[in-house]
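In structure tokens, the next block holds one chain alone, the form predicted on its own.
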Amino acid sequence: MEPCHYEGEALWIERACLTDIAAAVGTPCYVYSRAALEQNWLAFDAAFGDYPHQICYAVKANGSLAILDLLGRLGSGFDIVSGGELERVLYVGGDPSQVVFSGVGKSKAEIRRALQAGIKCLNLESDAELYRVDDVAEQLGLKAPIAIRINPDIDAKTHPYIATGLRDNKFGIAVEAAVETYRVACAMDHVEVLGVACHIGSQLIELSPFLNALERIIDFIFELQNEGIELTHLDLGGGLGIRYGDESPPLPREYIVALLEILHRRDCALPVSIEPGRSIVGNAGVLLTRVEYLKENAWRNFVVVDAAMNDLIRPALYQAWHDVLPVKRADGKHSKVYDIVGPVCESGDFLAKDRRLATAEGEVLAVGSAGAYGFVLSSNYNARPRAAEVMVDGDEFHLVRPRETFDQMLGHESRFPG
């Protein structure tokens, strides 16, 4: 549960006490560490040394404006998958020329806005999308900078919902068909072919899928060169996993060094961009939640908390494991095994199961590794306002998103007219 630590009986993040944050802001509440975010991004950047590269943070992992702002100050580029994510990047002053637009379903309006903003590259995922981009660019009188995402049919050895590099997935163009797509693209008047892209999945905890995919991509690049097609960059996507429980994922440096070794061995010197998301924000954040009730019976014990699946859906959606710690450490002699559940009217509304805890009504718990795919996947299910977000900076903390109010939640709707 980095970067949290106990000092005495209290759990802290950096030099801020989580008890104080919960008291000041209320719960549920997401809390992020500025130091952890910056250290995680810099670990990727430093590992490349002087090899030409770009780190494009994957906005889908957590699009908080405060996080985008901090990473932009470090010089980060951004990987986006929607027009809304582009607007968030632009809002905080992100450089559009350092933005890569991925995703299988870009609308004409999204493509138009991205080209008008001057983004670095559109990563295209189908022949149909290629023709659409060429058409939109012609209407604008522009040349669209593109890369084509290939699907290498690599098993990422991750949850099937977040595997993206198999031929049965919706992402990318099969390697066998992609050369013809490049031929067509190079003959178009309103696209400029810059690179090749690949992303095989998320929460990868082994290096071998990354390395196998890179080998196939390099083979493909050489095939393009034989066709007289020269590229200017190689986009290797993201997907490096984090430790939620007992996983042992590679460190960013181990991952980058392994990629560079293959590039050097295969005599491929293209500039590289990577798109980490979870590995930057995942373990930089926690979700604070307060115990409402202890419900105990002969079959099962429950800690009913004020956070729910609408706040953190990963346990219900992916059967994901998150560590849970009391913000005020209690006497372990009185601990019991509990399921930690929320107030949403679903049996699937749980944050953790079979956890040994010593807690009581009114106490605060910290759900670890909640910085990625936490708030960004939250909803108003059961008409629940979305949680607050806080950024810790040393011994100070800043409310970067106030808790949603009922007026805000209802403000975009209207009663039936007449």
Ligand code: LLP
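Please read all numbers here as calculations on a predicted model, not as lab measurements. Residue numbers run from 1 along the displayed sequence.
Form predicted together with this ligand: not shown, discussed below.
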Just one of 237-245, 137-145, 88-96, 262-270 has heavy atoms within 4.5 Å of this ligand in the model of the complex; which? 237-245
Non-hydrogen atoms within 4.5 angstroms of this ligand in the model of the complex: do H199, R278 and L377 all have one? yes
Answer key: of Y293, Y318, F222, Y131, within 4.5 Å of this ligand in the model of the complex (heavy atoms) is Y318
Is D79 a contact residue for this ligand in the model of the complex, using a 4.5 Å heavy atom cut-off? yes
Would Q203 count as touching this ligand in the model of the complex under a 4.5 Å heavy atom rule? yes
Contact with this ligand in the model of the complex for Y373, defined as at least one heavy atom pair within 4.5 Å: yes or no? yes
Answer with yes or no whether K328 is in contact with this ligand in the model of the complex, where contact means some heavy atom within 4.5 Å. no
Heavy atom within 4.5 Å of this ligand in the model of the complex - qualifying residues of 119-152: R149
